[in-house]
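Taking the form predicted on its own, here's one chain by itself in structure tokens.
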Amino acid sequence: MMSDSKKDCFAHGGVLLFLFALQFFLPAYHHGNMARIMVLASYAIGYNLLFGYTGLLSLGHAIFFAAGLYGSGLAISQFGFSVGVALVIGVAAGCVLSAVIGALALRTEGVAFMIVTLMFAQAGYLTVLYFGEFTRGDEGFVLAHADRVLWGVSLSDQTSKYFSAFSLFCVSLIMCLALVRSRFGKVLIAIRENEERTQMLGYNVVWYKFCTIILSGSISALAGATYALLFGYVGASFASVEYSIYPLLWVLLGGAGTVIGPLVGMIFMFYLIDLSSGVTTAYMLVAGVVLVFLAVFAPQGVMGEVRSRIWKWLS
């Protein structure tokens, strides 16, 4: 009989295999949508590490996504770096920023932590607007197709874009799965469930939280850098508070504390808005009503309910 560990690995491997196969069957419209969904789902995976597994509710994660976005975008547009170097710069920017913000934000807890992270995100957004000469503010700037070439492959091509987004999602999901199944991940879950008891057992709770913020911020920055390189647009809207709320919604809808939840939540939210906007101009009202019903009847999120009712072994 297959162990729960193997079932878990096969389930997540099956999801990746399914996403890989979709490339060959999706029509052009949904093909492009799926690439965007996988990049943003990777951003949500980074957020889920902090919120879903550690229990830290951040309202400022857009600053990390924007750090990767602008780090890579400006490296190409202003300094003429190659795609590979720009990607590294974007991730490094998010990593450094998350370390600085984490060191300061962890001096607080609870509601104060939420407010501090929100303030940092807003400061980041205003900084982007202030340096509009370089960032182009709300208008943003576009990266030329010729500048978005990696190892001779144009990232503007639909197939390359899909497989690049898929590669990012693979790395994010496998990293998250390995992390939460490791000793480190078990400590994070213990912190989420009972921080005081975890500290009494001798674990340095603040250090684990700090490391998780850096990991979460770096994954989010990687998603932001990839978004800029694949879709060729960098704008201040990605640094706004709205993009700090989005990953929270995606994680809650898909199932906080589940590895695959961010993808499910992202797909659900994306197509809910996409389909309802084709029917009525009040599409946000439709989306709001559906989300309320989902919150009432599936409070643990889609995959959270699946784990609770069917697949108890799901990470």
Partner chain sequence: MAVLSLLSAQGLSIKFNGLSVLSDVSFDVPKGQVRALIGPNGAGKTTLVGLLSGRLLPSSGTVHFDGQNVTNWPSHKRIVQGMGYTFQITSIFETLRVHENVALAARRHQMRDTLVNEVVEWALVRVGLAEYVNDIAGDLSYGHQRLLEIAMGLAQQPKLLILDEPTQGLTESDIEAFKALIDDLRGEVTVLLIEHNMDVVMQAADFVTVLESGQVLFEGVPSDVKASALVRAAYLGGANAKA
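Numbering follows the first chain given and starts at 1. Since the model is a prediction, treat every value here as computed from it, not as a measurement.
Keep in mind that the form predicted in complex with its partner chain is missing from the display, and what follows is about it.
112, 201, 123, 103 - the one with a heavy atom within 4.5 Å of its partner chain in the predicted complex: Partner contact (heavy atom, 4.5 Å) among the options: 201.
Residue (of 189, 88, 175, 241) lying close to its partner chain in the predicted complex, criterion heavy atoms within 4.5 Å: Among 189, 88, 175, 241, a heavy atom within 4.5 Å of its partner chain in the predicted complex occurs only for 189.
Distance check, residue 194 to its partner chain in the predicted complex, heavy atom within 4.5 Å: It does: once its partner chain is placed as it appears in the predicted complex, residue 194 has a heavy atom within 4.5 Å of it.
Segment assignment from 92 to 100, 165 to 173, 181 to 189, 220 to 228: heavy atom within 4.5 Å of its partner chain in the predicted complex: It is 181 to 189 that comes within 4.5 Å of the partner.
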